[in-house]
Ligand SMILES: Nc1ncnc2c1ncn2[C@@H]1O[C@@H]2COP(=O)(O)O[C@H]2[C@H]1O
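A lone chain, given as structure tokens: the form predicted alone.
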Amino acid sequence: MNRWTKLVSLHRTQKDEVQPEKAGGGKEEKTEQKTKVKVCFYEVDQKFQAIWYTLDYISDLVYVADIFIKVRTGFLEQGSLVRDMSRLKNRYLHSSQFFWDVLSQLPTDLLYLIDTVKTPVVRINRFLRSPRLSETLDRMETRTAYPNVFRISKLMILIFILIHWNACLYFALSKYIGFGSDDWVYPDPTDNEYNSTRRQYFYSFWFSTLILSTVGDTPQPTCEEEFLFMIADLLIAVLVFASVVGSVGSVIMNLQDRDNVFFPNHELVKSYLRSRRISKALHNRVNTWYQHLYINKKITRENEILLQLPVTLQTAIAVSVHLPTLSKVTIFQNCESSLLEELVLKLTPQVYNPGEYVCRKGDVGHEMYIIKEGKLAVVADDGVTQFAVLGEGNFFGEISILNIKGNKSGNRRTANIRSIGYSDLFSLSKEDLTDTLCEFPAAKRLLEEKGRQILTKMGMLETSDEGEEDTEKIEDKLVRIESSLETLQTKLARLMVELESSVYKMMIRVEQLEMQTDGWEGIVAEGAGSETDDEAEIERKIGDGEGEQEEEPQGERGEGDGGEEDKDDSKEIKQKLE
């Protein structure tokens, strides 16, 4: 029988069943029958109708509140946050987002008043709020402390919703085809085993999960509708499987990248130890150290992790984490805050195993240590006798990185320091401290003075007459040299200007003399008659500076009186002519 003919016959049968009851006031039952045809799991809708309406309208209130929040949401303009209400309203009301928000809030629920429309499909316009939900989830993912867990949870919820919708479509299609008509559709509800609503939903959900997960065998479809449903579900299943594999793979890669950044590469070190045939005892020490780092989440590569942040944020984080520890060091107390902020970026975390020596007596000191956690013992050369125990907040090795003159130890370690248990230390190298103090000469002098006071109390500072006489610091010498160099450069520039001025004047005088000596041979041949006139002409040209003489700069004439020099030149010419 044709499927459409079957549907018409079913409709007529239902109409005939309702008609006898109509005379006895069965109008409400007719409405209920129409509602049953329009809803997938109609019993759930009928039993909990008040709850569904309450949830629907609570959601509508949340959507309306979101519109008001959106109106008051600021935006960035050229990097500045705009908070002007008039501009915010104008921007939102003229955006496409406002159009979709209003369209999603149209009161389509009024269609419930029509007897022929009794289905939740009338609220389908609420799906236009989906982009807003996606935006909210993205912002939550960036703000949560566990983004990978949030990403997996979001994916599982989306898959659950997809399977739920597919289960509803499967049940509706089974009702359209006919319950129990074949093995593929839902069994006949007249059977008590499949009559309850809970069993109907769970069976449909299970069947939908089998299809979308492509796990297990499903009954063979027999009609066109079943084939089309299976084809669509299998195509969706491919996309779902790809998204699940991709998301889970991305989460695993992120976790591996995090571990590689937080902790050293254990596998690489183990491969090296095996290739070099390191002793088993040393191999166990390395493994124990790695296990301690991983189990207790000890991070030894903090500086590399924070490299992605701007320097200002790196400094702020380092100050909040390490500044209280660094401030406990005696030589750094009362130092300017900018110096401490520079030094906290140089601190390097280090972890020591039980019984491991941090430094030995006589070693050259290249760094100082600050104890963050754990206990260290100052032991004798035999490694057994303990002189003192250092705990959290203590420090050592600060004198060896200052290079103080007169230190009897010569920047060498004066004691053996051994870790009692697992110890977490911060180290500050001599090179990092020196580079930082170059920008803070006053702080450097203050630290050296504190170091001398400590060495004096310990009796480790040598005093000599030569040392007392040599009180001038290298920095002062450099300042004097730089000042002298600047003075010499100024004098040299002045001399160069004067030389250029003198050369310029000399060139002018040479040109004048060349012009004046032109035609002298003819003047001498004419005799003494014209001699007096020529001399007068020469005097006039030289004295007045007329003719083709170039104009001298006014600022340079003061050094050498050009008039007097020209008079001397004229006198020499007269003597030669006579």
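Quick note: we count residues from 1 along the sequence shown, nothing fancier. C-alpha atoms forming the largest set that superposes within 1.5 Å between two forms make up the rigid core. This structure is a prediction, so every number in the text was calculated from the model and none was measured.
Not on display, but discussed next: the form predicted together with the named molecule.
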query	finding
Listed residue (Arg452, Arg412, Lys298, Arg258) with a non-hydrogen atom within 4.5 angstroms of the named molecule in the predicted complex	Arg412
Among the candidates Tyr352, Phe332, Phe396, Tyr170, the residue which, in the predicted complex, approaches the named molecule to within 4.5 Å (heavy atoms)	Phe396
Interface stretch in the predicted complex with the named molecule - options 333-341, 436-444, 119-127, 453-461, non-hydrogen atom within 4.5 Å	453-461
Any non-hydrogen atom of Val378 within 4.5 angstroms of the named molecule in the predicted complex	yes
Partner proximity in the predicted complex: Cys359 to the named molecule, non-hydrogen atom cutoff 4.5 Å	yes
Proximity of Ala388 to the named molecule in the predicted complex, heavy atoms at 4.5 Å	yes
Contact label in the predicted complex: Ser423 to the named molecule, heavy atom within 4.5 Å	no
Is_shifted Arg72 between the shown form and the other one (CA, 2 Å cut-off, rigid core)	no
Per-residue C-alpha change between the shown form and the other one, Phe395, threshold 2 Å, rigid core fit	yes
After fitting the core, Lys457 CA displacement of 2 Å or more between the shown form and the other one	yes
